[in-house]
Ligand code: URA
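Okay, so here's just one chain, in structure tokens, the form predicted alone.
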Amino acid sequence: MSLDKSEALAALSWLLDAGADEALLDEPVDRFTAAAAKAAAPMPQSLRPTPEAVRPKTEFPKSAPSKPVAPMGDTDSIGRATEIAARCNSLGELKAALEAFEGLALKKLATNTVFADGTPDCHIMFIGEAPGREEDLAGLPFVGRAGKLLDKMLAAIGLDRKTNAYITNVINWRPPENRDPSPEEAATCLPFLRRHIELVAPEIIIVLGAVAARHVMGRTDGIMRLRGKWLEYHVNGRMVPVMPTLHPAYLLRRAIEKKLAWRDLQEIDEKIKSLGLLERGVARG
């Protein structure tokens, strides 16, 4: 399918907003030394799969290389969301704007707007998919079974949403029956999420699961292909490291994959230490 000039420019602009403006690092990285050090680190008990969860690994067919996903959805709703989000100059204003937004039918089916939880001043940002039943009732992200596992994952690398982690979702309202958000619903929420990221100004972003990786980074690769590899997102004129990893809800269904999540957490812990985020305290310069 060919694109006309305006469509091509729009796609290029979206890619730049997502941080896809370079393909190579400036310096080589010794992966062998890093891998050997990480392999020696013990896995926390909370992330170890139970014996009954250990089964032969299923082989998945290889997929074709992915292409960036362009936002889809109702143009008027996306335009209104973009204008409203751009006028927000604080997280409080953004939360109030979302609570007042009427451009998405999904909101009418939800009990609460689920905005975020944690400490934004730490600049360590986790982005999930969408609220579930417990989150919809509480008005907070990750408070159900998956949220409890996420808290254990954070604790394994010295993080806690009360002091040094900040958590939000791509979608701010629960999809019925916890289904995946549609491309139209995600496209309408994305202007708010992008502004959310700009206001938090994170120094590291962790995306939880394939849906979050697809909509935040514009990637259609499966999460097994994406996880464990550092990507970049353009925020306020700088590139921010992004680590895709497995969603805690998936780990509840496939406990055998906790070993992969633990490897990702070790990468995240190493990056946080290299950036000196915890040594600087909760407030940045």
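Keep in mind the model is a prediction, meaning the values are calculated, not measured. For every residue, the number given is its place in the sequence shown, counted from 1.
Beyond the structure shown, there is the form predicted together with the named molecule, which is absent from this document and is the topic of what follows.
With a 4.5 Å cutoff on heavy atoms, Phe126 does not count as touching the named molecule in the predicted complex; it lies far away. Within 4.5 Å of some heavy atom of the named molecule in the predicted complex lies at least one heavy atom of Pro131. Using a 4.5 angstroms limit between non-hydrogen atoms, Asn169 touches the named molecule in the predicted complex. Residue contact check for Gly118: none of its heavy atoms lie within 4.5 Å of the named molecule in the predicted complex. For the named molecule in the predicted complex, the listed stretch (186-194, 139-147, 101-109, 87-95) containing residues with heavy atoms inside 4.5 Å is 139-147.
Residues of 231-261 placing a heavy atom within 4.5 Å of the named molecule in the predicted complex: His247 alone.
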